[in-house]
Structures are given as C-alpha cells and as structure tokens.
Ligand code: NDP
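Next up: just one chain, as structure tokens, the form predicted on its own.
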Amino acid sequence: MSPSKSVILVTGGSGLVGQAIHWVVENDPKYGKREGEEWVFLTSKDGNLIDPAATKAIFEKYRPTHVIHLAAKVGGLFGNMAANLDYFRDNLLINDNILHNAKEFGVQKVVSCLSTCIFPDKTTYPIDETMVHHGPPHDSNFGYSHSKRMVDVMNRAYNEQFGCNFTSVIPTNVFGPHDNFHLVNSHVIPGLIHKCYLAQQNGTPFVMAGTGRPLRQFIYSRDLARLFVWTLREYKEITPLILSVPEEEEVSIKQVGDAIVKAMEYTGDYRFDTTKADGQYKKTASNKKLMTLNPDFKFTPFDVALDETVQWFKENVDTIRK
C-alpha cells in the first residue's frame, strides 16, 4: 500500500467480518490503522449496491484507493433453494457494480470475500485454491455459489484487460462477536450459543442435533480480519486465497458443544439427539498456501475464541441479532 494517504472502503461494514475488521483496525498493534490511512465502513444505509447509480455515488463520495468487498445477499438453506435466481442476479449485480466502479475510479486494490460453497460438491479433500472451477457446486445454493465464482472470473478478466489488482479470499466457517445468533437462520456456533443460553435461562435441556461427530474448520472473526488486512497489504496474486486454520485444527461438533457448555458455565442436562441428521461429515480446506506466504501468523486457540464470543454474547444479549 502507498505510504501517502489511503482510503480503504469496506462494504458490508456492519456484518460479522466487517465489525471484526473495524475492531482490528482500531485495536490491533500489528494489523491496525497505519499513518495516512482512512477506513470507511459502509452499511446498507449508505446505498443499495445492487443499484449502479447508488454504487457510483458512494465511490464519488469517498474516492477509495482500496476496497475490501464483503457485502452480499445471503440467506439460509431454504431461502437459497427457493430463490437461486435472486441470489445469483443480486450478487452478480453487487459484485459487478463494485468492480466496475473500482476500475473506473482507479482503485489500487480490491479484496473480495468469497465462500467455501463455491467449491465443487463432488470433490477430494483437502480442498485447495486450484479446485474452485473443477465441477458444479451443491445444487441447494448454486445461484449464490456461481455468483461468487464469477468474482474470480471477473478479477482475472479485469487484470488481463486493464491491469487491475483485484483479488479474493475464501474463508472457512467464521464465528465471533457481532454474529447473527438467530436460532434457525444462523450458522452452527452462534445458533448453539443462543440455544445453550436459553436452556440455562429456562432450566431446560441443551439438546444438539445429530451425533456430534462431523468435523469443521472454524476461524475466529478477528483472526480473519487480521488476515484480510494482511491480504490487502501483502498478497500479490489475483487467484483466490483460502483463509483457514490448519487441517489439524478441525474440531468436531461435539467439541463445539463442550466448549459452549464450559464457556456458558451451563450445568444442566446436555445431550445429543441422534435421530437428527448430521449433514456433511467434513469439508476440509488446506491453508498451506496461506501459511507458506504468512508463516508467522498465529491463530487464536479455538477455546479462547469461543469463550470471547460467548462473553460478548452475554454482554450484548439484549441488542444483538437473534
């Protein structure tokens, strides 16, 4: 990044990852704000990124030199299944508007956020960056998945045709403060934290669906935020980069439940309903490329990150998304 003044525009600034980047920029001694940097965190109130005119107006207002692009139309399993076209078109429009204006306004670098759902449904493990386009994604959210894949296609095309420095990252399962803790329309960790909290408040059992055996790689939102800042400043390639904890730090869903019970200090009945389906057993991703490029990065231990997330949930339970 240039030593002169930089304006870093973060789309989706009020979400889980945007809030984490905001926290890191303000608090982290290594990855925080540098002299000459101005960070702008957009929310939906700043303008509808599906609208080309609204997006252009944002770029005219802030004149960013760099963009971290997090904003997206997202939804749960059933929302995606019912409206794959909507998720495809809306996200395609958002991404096209951001990258087009970044090119038009001479933005020096864009880092867009993709998702592991872009990888082929039928694949081998561990997943790595070379496998993005090696087959169709899962049918349930093919619209959203393909719209995210197209970011990689556009990044390459903008680079080849105009020399633009547009790249992307692929995080694994993210959790942390400012997450959506809804009991149904949330990811596994925030949903279980809320469920355990209610069991504690109501004196009812904390029951987790399935056997607890499936494995997942979870990355703490503040670790991911540090890696976003590092990517913006240091990553030189156009091809996507997986941002994940190592394969050996996969944890089982039972380990997640155990850590939540411990952090919540829950002492009631805790069990698994094995009549419920487990879902996909594993989705292991390789972080070999990341650790080759950034070998000194230290991930927050899972139990520590989970405890910090639970404490934040308790402190903000009356105002958070749930």
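Don't overthink the numbering: it's just position in the shown sequence, from 1. This structure is a prediction, so every number in the text was calculated from the model and none was measured.
The same protein also exists as the form predicted in complex with the ligand; that form is not shown, yet it is the one meant from here on.
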Taking the pose of the ligand in the predicted bound form and superposing the surrounding C-alphas, is this site open or blocked by backbone or C-beta atoms within 2.4 Å of 3 or more ligand atoms?
open
For this chain shown on its own, do A71, S115 and P171 all sit within 4.5 Å of the ligand in the predicted bound form, going by heavy atoms?
yes
With the partner removed from view, which of 197 to 205, 127 to 135, 159 to 167, 172 to 180 is the stretch that lies within 4.5 Å of the ligand in the predicted bound form, judged by heavy atom distances?
172 to 180
Assert contact residue (the ligand, in the predicted bound form, non-hydrogen atom within 4.5 Å, options T284, Q255, T43, T274) equals T43
Among V107, L192, M154, I94, just one has a heavy atom within 4.5 Å of the ligand in the predicted bound form, namely I94
Can you work out whether H187 and the ligand are in contact in the predicted bound form, taking contact to mean some heavy atom pair no more than 4.5 Å apart?
yes
is_contact(I260, the ligand) in the predicted bound form, heavy atom dist at most 4.5 Å
no
Please determine whether G47 contacts the ligand in the predicted bound form, using a 4.5 Å cut-off between heavy atoms.
yes
Any non-hydrogen atom of S14 within 4.5 angstroms of the ligand in the predicted bound form
yes
Heavy atom within 4.5 Å of the ligand in the predicted bound form: which residues of 133 to 157 meet that condition, in order?
Y144, K148
